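Here's a solo chain for you in structure tokens, the form predicted on its own.
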Amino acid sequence: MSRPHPALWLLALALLVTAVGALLGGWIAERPAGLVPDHLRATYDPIHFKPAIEQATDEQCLACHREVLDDTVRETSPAGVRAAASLAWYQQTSTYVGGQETFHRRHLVTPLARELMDLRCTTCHQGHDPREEAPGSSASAVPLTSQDFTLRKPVNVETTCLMCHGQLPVQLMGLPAPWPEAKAMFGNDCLTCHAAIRTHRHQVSYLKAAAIEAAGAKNSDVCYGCHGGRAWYRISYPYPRHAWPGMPADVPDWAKDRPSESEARFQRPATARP
């Protein structure tokens, strides 16, 4: 008895897959509401894309992404290092208290975040592309090769993270050495100079300007904690050069290309400025 030609097997398989797909598709379309989670529909909800995301609230985001605040750090790393027995990089300044925290909690709900920051989900997340998901990013996951996946950044770190996590621009500020080495010369007080220079600062929607100024006057680690102490990059952020009372008319070469206002979406209403 001769065997059927391979092409006939492929044809039969294709017909079977098509039939099963049609049956499942019809069942899903007519399923009772809530019986099957419609993940695909949620993924492509307009709230994940502009312009809807620009008006999204934290409550809307956390309705599906609540785990970013519920997750906790590992008690022990894959290498066997206990979190309670080590200090993370963000714990190195006196402004951080308590144990290690997860990334999103540090920016949204820790005491320091509540005191000085007014960050929202959309401060960093300004759109979404399902291709930007990063499978295998866990420390204990099976490694993926570059051929398996192409990572696309869901957040533009250069225009968000760098605003608070860039290097202190020692050369531009005219400091004799990095702040940890030079701070004793200034009494560990940033306001020694900044009481009269660049006094129009922190006037953006994602920070609590008055609280930052008050905290910085008591402890310069508040200033250095963001401006260099928790740096992610070797470069500093090109902050807009807002005018201040007594600002010199001559613009230094390094500042000639700087804007004079913050990015539009971060600007605070004029009525909200002190």
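We number the residues from 1 along the sequence you see. All of these numbers come straight from a predicted model, not from anything done at the bench.
Another form exists, predicted together with a small molecule; not displayed. Remarks below refer to it.
By the criterion of a heavy atom within 4.5 Å, Cys193 is counted among the residues contacting the small molecule in the predicted bound form. When the small molecule is considered in the predicted bound form, His65 lines it closely, a heavy atom lying within 4.5 Å. Remark: Ala231 does not count among the residues lining the small molecule in the predicted bound form, judged by a heavy atom distance of 4.5 Å or less. Residue contact with the small molecule in the predicted bound form: Arg82 places no heavy atom within 4.5 Å of it.
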